[in-house]
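Take a look at this single chain in structure tokens; it is the form predicted on its own.
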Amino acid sequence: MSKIIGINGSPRVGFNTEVLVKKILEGAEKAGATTKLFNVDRMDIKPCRGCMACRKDGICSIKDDMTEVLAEIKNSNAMVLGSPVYMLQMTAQAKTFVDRLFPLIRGDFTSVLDPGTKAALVFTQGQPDTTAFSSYFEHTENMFKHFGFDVQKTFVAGGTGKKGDVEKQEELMDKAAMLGEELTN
């Protein structure tokens, strides 16, 4: 059975990003996967200190909620990271989470993840042009590939500046559910 982890990097719980991540997880559940959602803004996740302790034993020296998240990621088949676009990039909450993924990389720059561990990136943005920040999305995909994820898709929901905007885009919501199903294969 597949296990899919969802990460909501938005500080606004219940808004467009969380709705979209949940829709992907629902699609995965429909296909038989177990899922778990983490709301980063509601968690105690401190910034990376760059202490390199994880290079010695693969374990982060900071004891906070990220310890559980890292264990869940290592024991999952896929991860979905969602973030609104703030200041042309992911939120500070999402970036802190990403920085703390450092223990997924060994000292020789290989990944500790099982080969084929999938990822999907989900961005919501008020900007209707979904290509407006494509260079940043490509950069983020490459970063996750470096962590060892097999990035399946970067999903961009444009025109989602107000709460509820994403639900009005029925085709987009259907595609999100299908992405969840695809992550289970």
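The numbering used is simple: start at 1 and walk along the sequence shown. From a predicted model like this one, the values you see are computed outputs, not experimental measurements.
Same protein, other form: the form predicted together with a small molecule, not shown, and the subject of what follows.
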Of the candidate stretches 60 to 68, 120 to 128, 42 to 50, 27 to 35, the one with residues having heavy atoms within 4.5 Å of the small molecule in the predicted bound form is 120 to 128
Would R12 show up as a contact with the small molecule in the predicted bound form if we use heavy atoms at 4.5 Å? yes
Contact label in the predicted bound form: V85 to the small molecule, heavy atom within 4.5 Å: yes
Can you tell me whether F133 touches the small molecule? I mean in the predicted bound form, with a 4.5 angstroms heavy atom cut-off. yes
